[in-house]
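The chain that follows stands alone, in the form predicted on its own, written as structure tokens.
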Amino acid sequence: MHELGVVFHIIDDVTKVGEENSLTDIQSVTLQLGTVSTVIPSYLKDCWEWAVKKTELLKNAELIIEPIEAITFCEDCKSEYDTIKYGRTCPNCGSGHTYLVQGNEFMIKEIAGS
């Protein structure tokens, strides 16, 4: 489970931002998480709940996850399609000349604190 390591990385980044902005309490952290990012949201939340209790700045912080749907682009027919449903093969023309446009992201979008 790499989610625990990911959570520690988030906590480090948020703590740094909190210190740079003289925050004393973080209420929430909003993440944008791609549906094919390899991070499992339920595991991430479980690890978050455990790890933030060990910090002063984030001890009551809620983790909010905004999913980003995976979209693939076909270079042959120039169409976009749902990656989860169809994978790497274009459902419109059958081509394998495709690439992921979005859905692999993992970004801190917002930190709410005081």
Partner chain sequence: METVKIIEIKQSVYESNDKEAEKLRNELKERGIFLLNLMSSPGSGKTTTLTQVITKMKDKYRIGVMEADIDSDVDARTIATLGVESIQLHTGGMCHLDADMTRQGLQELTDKSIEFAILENVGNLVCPAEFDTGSSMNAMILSVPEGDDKPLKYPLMFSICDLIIINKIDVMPYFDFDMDKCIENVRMRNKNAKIIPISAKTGEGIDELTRYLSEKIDNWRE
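Predicted, not measured: the structure shown is a model, and the values here were computed from it. Positions refer to the first chain, counted from 1.
Below: the form predicted together with its partner chain, not depicted.
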Close approach of Gly96 to its partner chain in the predicted bound form, 4.5 Å, heavy atom: yes
Contact label in the predicted bound form: Arg88 to its partner chain, heavy atom within 4.5 Å: yes
Would Ala51 count as a contact of its partner chain in the predicted bound form, using a 4.5 angstroms cut-off between non-hydrogen atoms? no
I'd like to know if Ser42 sits close to its partner chain in the predicted bound form, meaning any non-hydrogen atom pair within 4.5 angstroms. no
Flag this candidate site as yes only if Ile10, Gln27 and Ser114 all have a heavy atom within 4.5 Å of its partner chain in the predicted bound form; otherwise mark no. yes
Between Gln32, Ser79, Asn60, Thr55, only one gets a heavy atom within 4.5 angstroms of its partner chain in the predicted bound form; which residue is that? Gln32
